[in-house]
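Next comes just one chain, in structure tokens: the form predicted on its own.
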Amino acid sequence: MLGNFTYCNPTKLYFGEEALGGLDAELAKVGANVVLIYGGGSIKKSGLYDEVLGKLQRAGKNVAEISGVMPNPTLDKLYEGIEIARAHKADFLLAVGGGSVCDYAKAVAVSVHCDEDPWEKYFARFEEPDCEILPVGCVLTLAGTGSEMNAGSVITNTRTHQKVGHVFLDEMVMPRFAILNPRYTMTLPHYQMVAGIYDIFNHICEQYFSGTDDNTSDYIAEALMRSLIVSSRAANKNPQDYEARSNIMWTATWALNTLIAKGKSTDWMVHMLGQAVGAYTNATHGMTLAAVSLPYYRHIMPYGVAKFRRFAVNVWNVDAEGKTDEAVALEGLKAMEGWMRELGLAMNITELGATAEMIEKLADATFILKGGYKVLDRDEIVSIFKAAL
């Protein structure tokens, strides 16, 4: 392990088929004015909306609602939510939905009492909150983002075609609690399920493909990836497999609650590339990551060949005897590609709506980070997008 770090994660998790029972005790700890935040209405069809609203009413809460939060929450939607929360004099925000709904709730939480424009402060200058932060709780219905146990938020500015994530340093941005019932994820379409699975996998990869030291965090990451591969195959065959879906949900949380990032650098360039595609196409987040991953990893593999060899052997069980490190590493990426195709993931950006004419704009919209094995220049980014078509 390298460097010094502090680890604190204050989110309380309720996990399992009876997890929603924990909401009663948590509501007793918060103020009277609650804003219920959710997406397109699937929670009403499933009955979850009625269950949650009933608990809020029995707890004596005054409830306002922000509905229609989209998979890629927009800045305009953020402004709308801020106004609703201010008008309601909100004490607490309850997000019921997937990672985008949780992300959105955290963005509202840091913006309601902010005197500045939240886009400029948080997503352009990447500053930290210096105002009161509203507490957030999450009832999760989709496994993928890990937003239920971290301080991250992603917002899309449709005017500038930028999709920007900010991982806040203040632990008060993290949800106070999260309710994780794997049954809630079983109503999702197959496309959303596998997109979420790849989102989980890539979160681990972004933290794994960096550094050269012998790091405990990498061993944990390998175990999480192996578990996810097994569970994803089971869920792909039978989406109603509770054991598989529960393992996927638990892995998603631990993939991005900051644990496996400790003591090491991290990459996140796949996310930068994928978010640029998402900003222009509004494609599902996990699918944008899948579409750019292999071109990116093949490009940087020569600069981190030892880790890619380890990935092949420890995650994909590639036989390394008598082979060069590069050959083993390439076999690992081939095995990963086979798994991705098996799940039915998007394998190129063309099928997500991107075109060759967009590539220069996609490159301009891609933030360049420095934590991975190769710091990309703009020409390399263009080359990767071309390979991803």
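Start at 1 with the first residue shown and count on from there. Computed from a prediction, not measured in an experiment: that's the story for all the values here.
The next section is about a form of this same protein that is not shown, the form predicted together with 5,6-dihydroxy-NADP (NZQ).
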Candidate stretches 315 to 323, 137 to 145, 231 to 239, 79 to 87, one within 4.5 Å of 5,6-dihydroxy-NADP (NZQ) in the predicted complex by heavy atom: 137 to 145
Sole residue of 192, 266, 157, 217 within 4.5 Å of 5,6-dihydroxy-NADP (NZQ) in the predicted complex, by heavy atom: 192
Among the candidates 353, 41, 338, 31, the residue which, in the predicted complex, approaches 5,6-dihydroxy-NADP (NZQ) to within 4.5 Å (heavy atoms): 41
In the predicted complex, residue 93 touching 5,6-dihydroxy-NADP (NZQ) (heavy atom, 4.5 Å): no
Contact test in the predicted complex: residue 271 vs 5,6-dihydroxy-NADP (NZQ), heavy atoms, 4.5 Å: yes
Exercise: residue 256 in contact with 5,6-dihydroxy-NADP (NZQ) in the predicted complex, heavy atom 4.5 Å: yes
Contact label in the predicted complex: residue 73 to 5,6-dihydroxy-NADP (NZQ), heavy atom within 4.5 Å: yes
Contact check for 225, 247 and 332 against 5,6-dihydroxy-NADP (NZQ) in the predicted complex, heavy atom at 4.5 Å: no
Members of 190 to 207 lying within 4.5 angstroms of 5,6-dihydroxy-NADP (NZQ), judged by heavy atom, in the predicted complex: 192, 199, 203
